[in-house]
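First, one chain by itself: the form predicted on its own, in structure tokens.
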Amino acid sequence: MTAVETAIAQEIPFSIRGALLWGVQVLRQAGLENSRLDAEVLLRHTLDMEKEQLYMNGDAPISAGQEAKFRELLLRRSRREPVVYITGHKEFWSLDFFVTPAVLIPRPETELLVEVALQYARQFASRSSVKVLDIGTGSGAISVCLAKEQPTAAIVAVDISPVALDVARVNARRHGVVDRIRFLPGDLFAPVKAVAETFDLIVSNPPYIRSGELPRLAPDIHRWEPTIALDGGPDGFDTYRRIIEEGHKYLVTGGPIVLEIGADMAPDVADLFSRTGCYGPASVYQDYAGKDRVIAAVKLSTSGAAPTSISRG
């Protein structure tokens, strides 16, 4: 056994407080930076307690079954399995989402993608329905949030992974919007190509990590999260090229494509939009860390006159 596995196997009489302190030590020994937070979340999950309950009942004992479960969760975390996959929960947009290793873990930066998409969607608020295409929906977090915030949104959520779509359906049902989201399996635009459907808005958080950088990502990411949702090809732009080159065929005039981007990618993605001749000038939006995070461009009219766009944020 490894040193961490040996520590986990030790027989220790547990109170809640003792279990927490011991869990912190185990995860710290495993080299995890957020050992305190991780141990707390895993213990709360084991005991089915809120944070306040955990600290108010610190002297209470835990059962043998709870102790065994906590040991198992600590072992999984020590092997770099993300806490989110262990608990099956991730908060995004102040909503609780079900997640599994079949989907990318929703991240706070992606909330900006939702914000920007909503700004554009509200330009179509006078219509009875705002048609949205979410490419690579994964957990369904983007689609669900758009449906919750924009009551007139009618969303088509596409993913190449049928298992990911199963996760997304769970989240749509959980948040009461399953009747306004159609889930279609397939690669990018393939599921909507046959019916020649057009949309007011296309949104996507595509894979954009450069292939050569994947092994250098944190083990929590490259060992556990789905590679298909991370790998953007040799230069990171493979999926951007495809979405931008084809997207105008599925947009109404004045409709935007809104994309999450890597922090160093804005100039190149803007150039992809420009080179097609089908979109107005791209707008770039920065996250709270001041990094470029979202880019958007609207489809030009056939006359070539650029519609009004939302300025850089």
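Throughout, we count residues from 1 along the sequence that is shown. For clarity, every value in this text was computed on a predicted model and none was experimentally measured.
The form predicted in complex with a small molecule exists for this protein as well; it is not shown, and the discussion that follows is about that form.
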Quiz item: For residue 142, is any heavy atom within 4.5 Å of the small molecule in the predicted bound form, or not?
Solution: yes
Self-check item: is_contact(residue 150, the small molecule) in the predicted bound form, heavy atom dist at most 4.5 Å
Solution: no
Quiz item: Does the small molecule get within 4.5 angstroms of any non-hydrogen atom of residue 95 in the predicted bound form?
Solution: no
Quiz item: Applying a 4.5 Å heavy atom distance criterion, does residue 228 contact the small molecule in the predicted bound form?
Solution: yes
Quiz item: Just one stretch in 124 to 132, 213 to 221, 76 to 84, 182 to 190 has heavy atoms within 4.5 Å of the small molecule in the predicted bound form, so which one is it?
Solution: 182 to 190
